[in-house]
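Take a look at this single chain in structure tokens; it is the form predicted on its own.
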Amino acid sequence: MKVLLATSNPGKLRELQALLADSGIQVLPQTAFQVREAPETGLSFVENALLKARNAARQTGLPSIADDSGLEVDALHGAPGIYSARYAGPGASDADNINKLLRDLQYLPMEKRTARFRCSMTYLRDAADAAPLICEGVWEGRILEAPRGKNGFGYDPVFLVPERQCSSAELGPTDKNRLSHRGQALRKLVAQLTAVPG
């Protein structure tokens, strides 16, 4: 089974390919097809994931998987949320976004720095699919006061994984994929894909 992965984010691509390695699903990156990215104009993770998957399926004619994910911080009323990748402004780097987040939380004690990563993942059989598969994963944690670790991407260096007492960026790829929001959502999606014909 060949499926297009509707992302140009190399970190996401690595994670999703690793998670799908034993699924029997062959993942093709959208960069191999020169897919023009869809503007993320949705008001939720689900809406943005559907926009990306439908855009990729329309341009390639292939079934498509897309995810939209981000960080929700309780003290910031759920921000950065769907704006996680551009929290510090358009074209912001991971470091820019982390620095803004740490500034916004700088006077907050650890017990009030609760947060979660949320991922909505969608699968469309084709661009006109009116019944897409939609799965969600949520990973609870807290925001550290300073970055730790070199693995992962995005907010991983400041996301404390309570059960391991380390940052997400201090986890190895296998551990992260087992615990993460994206790993949770993709496992649910693969279970549905392998149970449903077509």
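Quick caveat, the model's predicted, so the values are computed rather than measured. The numbering used is simple: start at 1 and walk along the sequence shown.
From this point on, the text means the form predicted together with a small molecule, which you will not see here.
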The listed residue (E40, E145, E136, D129) that reaches within 4.5 Å of the small molecule in the predicted complex by any heavy atom is E40
**Item:** Contact label in the predicted complex: F117 to the small molecule, heavy atom within 4.5 Å
**Value:** yes
>> Contact with the small molecule in the predicted complex for A85, defined as at least one heavy atom pair within 4.5 Å: yes or no?
In response: yes
Discussion item. Under a 4.5 Å heavy atom criterion, is S69 part of the interface with the small molecule in the predicted complex?
Written reply: yes
| message | Even though the partner isn't displayed, in the predicted complex is G141 close enough to the small molecule, meaning a heavy atom within 4.5 Å? | response | no
query: Using a 4.5 Å heavy atom cut-off, are K12, K52 and F153 all in contact with the small molecule in the predicted complex?
result: yes
